[in-house]
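Next up is one chain by itself, shown in structure tokens, the form predicted on its own.
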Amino acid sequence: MPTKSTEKLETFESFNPTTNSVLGTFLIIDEAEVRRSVSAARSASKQWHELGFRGRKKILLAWAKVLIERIDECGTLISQETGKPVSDAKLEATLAIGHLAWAARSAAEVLRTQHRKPGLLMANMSATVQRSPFGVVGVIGPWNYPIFTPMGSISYALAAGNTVVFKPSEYTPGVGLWLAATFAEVAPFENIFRVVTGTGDTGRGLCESGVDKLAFTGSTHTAKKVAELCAKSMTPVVLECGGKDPVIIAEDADLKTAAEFSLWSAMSNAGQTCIGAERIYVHSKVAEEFIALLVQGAKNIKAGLPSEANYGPSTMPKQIPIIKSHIVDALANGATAALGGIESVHAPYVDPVILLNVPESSIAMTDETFGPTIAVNKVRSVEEAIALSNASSYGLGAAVWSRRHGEEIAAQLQCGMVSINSTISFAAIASVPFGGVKNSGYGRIHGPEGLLEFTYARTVVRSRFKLPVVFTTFKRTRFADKLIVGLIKSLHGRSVG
């Protein structure tokens, strides 16, 4: 039931992108109501924090249990709102649950108070570093992975002791509200986890609502606007933006597996994966064989209804002309199509497209396509592949295929995550951080870094006993001055010069 404050709010509809049928009608939460939600979450934050790690762990693991028991329901809802196959939706939900459980179980160890050595000059002091939750964390989630991606912030923020206000994408509001409803089944009291539905203005309202930290996932263009809004109130942000992820196929790669996995990385979820393969640099000595394997595999997959095809439609209709423009630009500038082409775009679907010899200046190589297309360019050496991979303005994920040199290549890539002889496996490992560099954003979710991201450090020092010589006083003597200089020279003088 709407409250008095929401009775007059405007509404919007959520559509099934496959059938264009209406799935539901949702409130457009305005700025005033967003602030009320943040205020309510703030009223619960002290009590949530005081439950301690053990108390929060119990509740979050109970939530994970509910999600597991209702994973079929979750998968169906995700499929309806995004158009992806139910199998993919359930895989997404499974990974999200894994992160939730890891965060709940790991928070106490990662965020425990640390004791630091005070050093000889401050030998009488006890030095500790405490981690404290920010208070209320705002989360703005995407539509392409409507449970996995936002839960990478929600789970870790809650485990760290924050309350959360979540704004789901206007394309997947049902998933967001479903998450809130399932959490309410195990919540010990209200307002720990709240959801505000709406459009871009609702997201703007959350940025300006007074949250203590904000986590955003979306395009780089929108991320810059979010950062600008939050900067006005000095609200710290975590930004997980787009990518133009490269794949390097070395001369010694397992070509069959590399082709199979790279194809899935590029085409699954209709190519709507920020860490999906978009550019492949393959050594010229193995290029023909690799391309043949890639094309052969792509001929066996198709777009269509979730129950019948390998992947579904473009969830966001306005992405279709962007995908088409990238294909047109590549072909106009000298690229060739090994499979598909402009005719592959037939809204709401895009059939697999494999482009060869795409100029590096083409928007198909510089901008995020977010569709089931892949550009494959030959290189004369791994060094050339590394240089081209790093030339992008993005730096999210990457993949390297090499039997002997994977780690050596990975260490030279300017990105947040690399998978060697695998595909986007880092996203499924809860103990490692997730995030990018350059135009792919900053800050980290997942892993210990994800828990630390939603807390701030507090240094606490205390005097354990009095020193015979005091330095922090106006009564400091010449002897004390000589003593401190002498100690510094003795301790560090050899390292100077």
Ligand code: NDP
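We number the residues from 1 along the sequence you see. From a predicted model like this one, the values you see are computed outputs, not experimental measurements.
The protein also exists as the form predicted in complex with this ligand; that form is not presented, and the subsequent description refers to it.
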In the model of the complex, is there a heavy atom of this ligand that lies within 4.5 Å of any heavy atom of Ile140, even though the partner is absent here? yes
Gly218: touches this ligand in the model of the complex, heavy atom cutoff 4.5 angstroms: yes
So in the model of the complex, does any heavy atom of Arg204 sit within 4.5 Å of this ligand? yes
Given that this ligand is not shown alongside this chain, does Trp401 nevertheless sit within 4.5 Å of it in the model of the complex, heavy atom to heavy atom? no
Looking at heavy atoms inside 4.5 Å, which stretch does this ligand contact in the model of the complex, given the options 295-303, 356-364, 107-115, 165-173? 165-173
Would you check whether this ligand, in the model of the complex, lies within 4.5 angstroms of a non-hydrogen atom from each of Glu31, Asn191 and Pro236? no
Identify, from the list Glu368, Asp329, Asp88, Asp351, the residue with a heavy atom within 4.5 Å of this ligand in the model of the complex. Glu368
Please tell me which of Met316, Ile409, Leu179, Ala253 lies within 4.5 Å of this ligand in the model of the complex, judged by heavy atoms. Met316
Which of the residues spanning 209-245 lie within 4.5 Å of this ligand in the model of the complex, based on heavy atoms? Phe216, Thr217, Gly218, Ser219, Thr222, Lys225, Val226, Glu240, Cys241, Gly242, Gly243
